[in-house]
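Have a look below at one chain only, the form predicted on its own, in structure tokens format.
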């Protein structure tokens, strides 16, 4: 499967729950897809004006196509995802969680050293000891040539969604 067709399929899946922007640029990196989702849950009493409690869950997804990858481009992508946690996540009393997901589509495969780097990548941050929520990063690399998906531990949560 080529990357354009894969991106179309993923856009179709994401469009049910996400606001999608194509050809998105962030930190001088051009992404094929940027998708964001905001979910707010409230418990109210008698009237919607009387909110007992509320919480918000947000998710941001960055998808980028590459022909090949080396350790420098992988590190740059990981740093960009970490910067996105600082720029997009705004913790407040009703913020529960935010997830930043980065997906790289590779057409020429990757070597074992990069597989180890992807699997051991981890980023989690809590705000005000968790009272203002937390954020974590999912990292997935889709090897279009072999039909494999390599993910970090958090990325494994959505690995099935991104299957070819």
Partner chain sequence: MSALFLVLFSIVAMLVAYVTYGAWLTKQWGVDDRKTPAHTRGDGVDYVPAKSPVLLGHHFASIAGAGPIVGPIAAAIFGWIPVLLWIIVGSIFFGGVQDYGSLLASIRHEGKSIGEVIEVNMGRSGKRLFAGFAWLTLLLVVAAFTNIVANTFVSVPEAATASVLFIGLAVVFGFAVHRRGVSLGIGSVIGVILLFGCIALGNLFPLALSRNVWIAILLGYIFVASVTPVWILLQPRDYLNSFLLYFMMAGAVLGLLITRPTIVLAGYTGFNINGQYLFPMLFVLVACGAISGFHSLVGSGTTSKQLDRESDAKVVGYGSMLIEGVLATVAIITAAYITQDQLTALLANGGPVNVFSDGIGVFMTSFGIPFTIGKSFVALAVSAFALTSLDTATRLGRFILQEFFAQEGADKKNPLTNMYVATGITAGLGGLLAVTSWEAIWPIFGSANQLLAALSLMAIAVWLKKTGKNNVMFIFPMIFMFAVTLLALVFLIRDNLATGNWILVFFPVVLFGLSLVLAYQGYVHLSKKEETTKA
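Keep in mind the model is a prediction, meaning the values are calculated, not measured. Numbering follows the first chain given and starts at 1.
There is also a form predicted together with its partner chain; it is not shown, and the following applies to it.
Query raised in the report: Which single stretch, out of 37-45, 22-30, 112-120, 61-69, brings residue heavy atoms within 4.5 Å of its partner chain in the predicted bound form?
Result: In short, 37-45.
**Report entry** 4.5 Å heavy atom contact, residue 126 to its partner chain in the predicted bound form
**Finding:** Contact with its partner chain, yes.
Query raised in the report: Taking 4.5 angstroms as the cut-off for heavy atoms, does residue 133 touch its partner chain in the predicted bound form?
Result: Yes, residue 133 sits close enough to its partner chain in the predicted bound form that at least one of its heavy atoms falls within 4.5 Å.
Query raised in the report: Contact between residue 104 and its partner chain in the predicted bound form at 4.5 Å, heavy atoms?
Result: So residue 104 does not count as contacting its partner chain.
Query raised in the report: Does any residue in 43-65 get within 4.5 Å of its partner chain in the predicted bound form, counting heavy atoms only, and if so which ones?
Result: Sequence-ordered list: 43, 44, 45, 46, 47, 48, 49, 50, 51, 52, 53, 54, 55.
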